[in-house]
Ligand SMILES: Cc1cc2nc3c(=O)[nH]c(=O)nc-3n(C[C@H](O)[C@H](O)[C@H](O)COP(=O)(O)OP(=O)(O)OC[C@H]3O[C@@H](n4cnc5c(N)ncnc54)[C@H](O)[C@@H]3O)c2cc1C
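Next up: just one chain, as structure tokens, the form predicted on its own.
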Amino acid sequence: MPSPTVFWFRRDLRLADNPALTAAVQASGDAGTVGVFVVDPTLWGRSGPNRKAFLVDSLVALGAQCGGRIVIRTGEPARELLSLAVSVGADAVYATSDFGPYGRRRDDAVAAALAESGRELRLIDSPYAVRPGTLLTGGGTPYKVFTPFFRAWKSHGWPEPTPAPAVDWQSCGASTELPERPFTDVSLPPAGEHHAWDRVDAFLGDRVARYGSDRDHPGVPGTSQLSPYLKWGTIHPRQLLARLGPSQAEDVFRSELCWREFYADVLADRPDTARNAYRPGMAAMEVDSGPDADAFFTAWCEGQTGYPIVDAGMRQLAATGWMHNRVRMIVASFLVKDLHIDWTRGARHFMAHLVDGDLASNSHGWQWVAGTGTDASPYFRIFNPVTQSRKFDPDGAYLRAWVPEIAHLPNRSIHEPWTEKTGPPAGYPAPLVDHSVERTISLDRYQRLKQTWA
């Protein structure tokens, strides 16, 4: 007779287009499936309150879809899953593959623990349209540059989404009590599979046609803001790709989904790059430390640098747990190349606040800006915060929304308020540094570093 199966939810908190869940249901026959989420102290401890709160909200939504029968365990996954499998008489635990550095180590430990008792961990599918490690160059090596990866990714393709299976959920009397939702004063987006689709419909029905132009302008609602849902898998990228047409704007959005997959592929091949330079030679780049650098870092975190576009972005992050992607690049460049602070400090600050915090995308997005990662035009790309502000927020709508101290200024000076005859308005700081001077310092440091490679 078939035995129950255990389905281990991780970054796939949905029912539709979940091949690992479908496989678990099919294998269980009439015995039913036990759905479980394990609150892993290692991952829980590393997450900021915004991400934890959104996860709890997502689990609440998932539990409601499953009739309140999702089992919640807290502890080391190998121990908790073995205990659950033994208690329900399951021969196998099913889950979606994880390609993160910690996730792979954790899954190896779970598989070993289950194997000792004659049970099996069966990993199926992935959180990506194309499984990391699938695409290789003509030389048989992983891609290091995005554009050829994007071409190969589109050429490879992906399966069509599948419907949700009919699941006979078995709670077996186990606890379904969720972890305590941490306090956050951030207004988080509504969580769960249904709300993810509401946001998809709103984006594809109205904004995607203008995505190619609007996505770079933080003062207009031009982005999809689907990243928190992709982070926890309340929607799969396959499902989004299936809805996209052939227009240029939709292909731009398709490429943005591919960036997420590219960085996952890079991290799967080089797990050390979560916290270390992808380009080893850049690891020796001179950075500033000590009390002055710490003071600059604090001003950057608090949105008090005197550069409005930087301050607006950092305040948006603190208030919402999210930041516009164009602004993420600007504030990252400012920290690394104007304040000369190591990129890993900024990456950690982002992960502490972002609702959509994803290790691969965050670390490699920072490395792209810092010139230490996968980038054909590395260190000498230095964003001018004033030029960027004028170009992408010309009427100052974004600045006025997040930096009220300067909201009354005219367009001509709102991007650089220190040019007013009386200087910056009361309550708003003068610029921490002179961008033109710091740009020269950064380039000089890069040239000195390059000489050591000869």
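In this text the structure is predicted, and so the values were computed from the model without any measurement. For every residue, the number given is its place in the sequence shown, counted from 1.
Keep in mind that the form predicted in complex with the ligand is not shown, yet the notes after this line are about it.
Taking 4.5 angstroms as the heavy atom distance cut-off, pick the stretch from 279 to 287, 71 to 79, 327 to 335, 170 to 178 that is near the ligand in the model of the complex. It is the stretch 327 to 335.
Going by heavy atom distances of 4.5 angstroms or less, which of 211, 232, 379, 149 would be at the interface with the ligand in the model of the complex? In short, 211.
Looking at 371, 321, 127, 365 here, can you tell me which has any non-hydrogen atom within 4.5 angstroms of the ligand in the model of the complex? It is 365.
Is there a heavy atom of residue 299 no more than 4.5 Å from a heavy atom of the ligand in the model of the complex? Outside the cut-off, so no.
Non-hydrogen atom contact residue 144 with the ligand in the model of the complex at 4.5 angstroms: Because no heavy atom of residue 144 falls inside 4.5 Å of the ligand in the model of the complex, the answer is no.
In the model of the complex, does residue 186 have a heavy atom within 4.5 Å of the ligand? It does not: once the ligand is placed as it appears in the model of the complex, residue 186 has no heavy atom within 4.5 Å of it.
Does the ligand get within 4.5 angstroms of any non-hydrogen atom of residue 239 in the model of the complex? No, no contact at 4.5 Å.
Contact at 52, 54 and 57 by the ligand in the model of the complex, all three, heavy atom at most 4.5 Å: No, because 52, 54 and 57 lack any heavy atom that approaches the ligand to within 4.5 Å in the model of the complex.
Which residues within 197 to 231 place at least one heavy atom within 4.5 Å of the ligand in the model of the complex? Residues within 4.5 Å: 211, 223, 224, 225, 226, 227, 230.
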